[in-house]
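One chain comes next, on its own, written out as structure tokens in the form predicted on its own.
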């Protein structure tokens, strides 16, 4: 219970940035019902887990955390435990069997109803539990409260939901449904409201964000939206994730080049350097197609840097295939890579039709080799920045040294600063003086904007 007697809700987020947006939308609806936000389980009357299903490990983490809350539930009658998101959508019945003390399970497009369901449970009007709602009938992006956000100066904005692609390993289409874009002016209005509330950096989200069409296929592109947001006064930075190499159109690329606010970082997963494996993954492009897109972007925006996702040990991946991934990483000079070991996900094409035939020891070795290569490339790229000036948005205290501040530059690189003038949300110019593979270290030259 919060101060003043208001009920308190704690939301714990697992997984991707879309789950952060969903958590903020739910927080806004709880606030409208008079709930306060809690950051401590002991003070919370309601706990909500926003869940991920991309990997089995993510689901097992949620089950472990849910199990640990059995005592929390028992300590105070009337407490409510809810699960929402992709795992709730895919695993609803299993959750209710495995964790019987869960009160509510809410799917990826039904979570706007969650606060009302919680109120029904708290008032004793819910009937037999758990309540399970995974119909997908709601439209989850409406009526966002700009003040209900997890970060002060940065915000994620979902511009579309779902995915029309059928990558062989991915559960997202089944968990989040078909692609649905939001109207352009609705997105623009949300961004303007967030900026008015103090946000200076917005990241646009979609499972395939560059397939955005504003519900006007052919007339609106992601480029149209970028141009519209360029005119939002007070917005300093703009970025988007996750883009698909086969979904870039000429208008979007041109708008990216025109934008003065777009970050110089593009997350564009390759997944494998082998055309044979890319075909087996059903990715819809070849390495040469990926090269062509990257080259076009770099020709238009020479200082653009790329981040990548990789999957090692996909069914049938040979040492030659793995070598092609290493070569592609070396050639394309990604500044950041997330590397995952393949694991079969129930309901996907790969799990149902392809043998998981790469031994786990081999997956671990390939995972390590790709990470070590990326570490070397990142270190070389970062050391080359010494002496350069970077604009840094301060995000908070450094996790490794709380006496210092941590932020990100326009290429989304972490920059650590030691300056008493800084605070969360400050914008400053910093000279880079040193670097590791993961972090830049800078000295503040000037404070461009004080925190709001």
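Residue numbers count along the first chain shown, from 1. Nothing here was measured: the structure is a model prediction, and the numbers come from that model.
What comes next is about the form predicted in complex with ligand 5AD, which does not appear here.
Q: Looking at 71-79, 287-295, 255-263, 342-350, which stretch has residues with any non-hydrogen atom within 4.5 Å of ligand 5AD in the model of the complex?
A: It is 342-350 that comes within 4.5 Å of the partner.
Q: Can you check whether residue 54 is within 4.5 Å of ligand 5AD in the model of the complex, heavy atom basis?
A: Yes, residue 54 is a contact residue.
Q: Although the partner isn't part of this model, could you tell me whether residue 169 comes within 4.5 Å of ligand 5AD in the model of the complex, counting any heavy atom of the residue?
A: So residue 169 counts as contacting ligand 5AD.
Q: Verify the contact flag for residue 248: yes if a non-hydrogen atom of it lies within 4.5 Å of a non-hydrogen atom of ligand 5AD in the model of the complex, no if not.
A: No, residue 248 sits far enough from ligand 5AD in the model of the complex that none of its heavy atoms falls within 4.5 Å.
Q: Just checking whether residue 240 would be counted as a contact of ligand 5AD in the model of the complex - the rule being heavy atoms within 4.5 angstroms.
A: No, residue 240 stays farther than 4.5 Å from ligand 5AD in the model of the complex.
Q: Of 374, 271, 181, 382, which one comes within 4.5 Å of ligand 5AD in the model of the complex, counting heavy atoms only?
A: When ligand 5AD is considered in the model of the complex, the option within 4.5 Å is 271.
Q: Among 186, 213, 275, 309, which has at least one heavy atom within 4.5 Å of ligand 5AD in the model of the complex?
A: So the residue touching ligand 5AD in the model of the complex, by this definition, is 309.
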